[in-house]
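The chain that follows stands alone, in the form predicted on its own, written as structure tokens.
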Amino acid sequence: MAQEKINTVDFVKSKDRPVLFLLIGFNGAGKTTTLARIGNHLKNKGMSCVFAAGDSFRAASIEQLQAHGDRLGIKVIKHGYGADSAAVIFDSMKYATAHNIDVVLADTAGRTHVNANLMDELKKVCRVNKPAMKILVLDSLTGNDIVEQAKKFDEAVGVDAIVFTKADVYEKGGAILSATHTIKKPILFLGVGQGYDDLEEFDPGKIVERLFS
């Protein structure tokens, strides 16, 4: 788990703006909520953000992201349901460029790692928009399948970093150890509650303590 540590604020400052963070992952892993929490984190650090509603397939996904944007005071760029995800994110980057926004946080539809068509769509999103960081959101409660999820998403588009959700429910952290051992990517955050501030910067020492406690 001792991968290179990434500080998101320093990362953004080291790049040409706007910086695109693309959130990817399995159905129900918690991407949209994680996206909102990262947006809140960056905003609290003085960064400007927009949200890109790149999940145009799941029922109520756009409304869910809009609700987060309204609560946090962050603009949401969206098209209608069934829209091309790559185009929504492309338009979000154009908006961010025109308005001197630091970060675009892009949501994507949840997809199973065994569905070739959906994984091909994700490859297209990455090809068109060239995200600076592809963040794989994984559910800590997944179990053994988390290894296959991590491996397939990394093989498809190249994962840059991981966020684990529900880390407060699964205290031991065995899934975290399995996934990081498999793809050897740094962990940005752990989701540890229900609120926007419940995003904990990853500390491998804490996980090791839990594993042996």
Ligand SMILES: Nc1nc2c(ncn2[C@@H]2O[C@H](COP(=O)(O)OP(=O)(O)O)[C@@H](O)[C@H]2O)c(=O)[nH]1
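What you see is a predicted model; the values in this text were computed from it and never measured. Numbers for residues come from their place in the sequence shown, where the first is 1.
One more form of this protein exists, namely the form predicted in complex with the ligand; it is left out here, but the text below deals with it.
None of the heavy atoms of residue 150 is located within 4.5 Å of the ligand in the predicted bound form. Although the partner is absent here, residue 184 sits far enough away that none of its heavy atoms falls within 4.5 Å of the ligand in the predicted bound form.
Using a 4.5 Å cutoff between non-hydrogen atoms, residue 58 counts as a contact of the ligand in the predicted bound form. In the predicted bound form, the ligand stays beyond 4.5 Å of every heavy atom belonging to residue 46. Checking 142-150, 38-46, 160-168, 175-183 against the ligand in the predicted bound form, the stretch whose residues place heavy atoms within 4.5 Å of it is 160-168. Residues of 177-201 that come within 4.5 Å of the ligand in the predicted bound form, judged by any heavy atom, are 191, 192, 193, 194 in sequence order.
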